[in-house]
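Presented below, as structure tokens, is a lone chain in the form predicted on its own.
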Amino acid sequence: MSKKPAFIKELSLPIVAAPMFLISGPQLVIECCKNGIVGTFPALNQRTSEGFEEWLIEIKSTLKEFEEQTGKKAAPFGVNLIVHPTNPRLEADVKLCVKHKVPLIITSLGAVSEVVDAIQSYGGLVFHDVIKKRHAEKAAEAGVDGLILVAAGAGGHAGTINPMPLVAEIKKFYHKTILLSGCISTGRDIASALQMGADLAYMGTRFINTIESKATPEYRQMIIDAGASDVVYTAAISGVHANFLGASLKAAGITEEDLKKDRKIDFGKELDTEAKAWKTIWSAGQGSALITDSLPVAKLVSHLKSEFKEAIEEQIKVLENYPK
């Protein structure tokens, strides 16, 4: 059996706050880490590699100061890298991650052994997001330290497979760290993810509705108003299938015909175009159906802890009904 990363047992809850395009920044990452859960952000949320390095320095220095002042240990932070041939910043951003020894790297749209080797050279971890078995097998061959299983209903770039068979199928051959993503909004959902066999819950949409996120008040309110059926799955926006709030698609004038169109991914030519699109066309997962408020990270984590503990205690009591 493979050894799991030591930091998991040091978290206040088994959560990684997912890196969200245009939404996750230093403030959200720092507050997550201060409250004992992993905070992450996409490198491309900064328009340049120089700006990306400034964020790394800000996060590292602020967390160091927090630890010195409180005597508490902050949770590790992570960076999402788009490992796609059309990402012109990949090489520069990987070098910066190595320079600053970023504890956790989350790779998307490609699992490349050279990137994995570079991060592991200083003791960093690489988790790769996948939506199906074939992608998981390729990532495992590249030597990643963990797999993020993006199940049906997740916000952003999502898959279509139910989490139960997805986790079970991949755990048959992959014995390192497993993270589960998709409709995880409550402490009970976190407990369910662990029961299915995940080591960590990977939560995105729930953290859009935090005070520290970069989401606008209108975006947060649309999530509060949305039900599970109000989330639309389409590749028309970025070239990769993703879930978006139907109301934002409608407001942007996106038609049913538009949603059926396919686009090719090209981060070199279209990063600015995609950023402009995602500012008005808002992504969210089906877990938005359970979100009714917008809270500071500290308060949200406190609520999740209570719900998680209650769910686990209820499950322990269930065993009393089935003693043999």
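Computed from a predicted model, the values in this text were never measured in an experiment. Start at 1 and count along the sequence shown; that's the residue number.
Keep in mind that the form predicted in complex with a small molecule is missing from the display, and what follows is about it.
This chain appears without its partner; in the model of the complex, the one residue of Pro76, Gly146, Gly156, Gly124 with a heavy atom within 4.5 Å of the small molecule is Gly156. For the chain shown alone, Tyr219 is a contact residue for the small molecule in the model of the complex, at least one non-hydrogen atom being within 4.5 angstroms. Taking the partner from the other structure, the small molecule in the model of the complex has no heavy atom within 4.5 Å of any heavy atom of Cys33.
Within 4.5 Å of some heavy atom of the small molecule in the model of the complex lies at least one heavy atom of Pro42.
Contact check for Ile15: no non-hydrogen atom falls within 4.5 Å of the small molecule in the model of the complex.
Comparing 147-155, 116-124, 231-239, 168-176 against the small molecule in the model of the complex, the single stretch with non-hydrogen atoms within 4.5 angstroms of it is 147-155.
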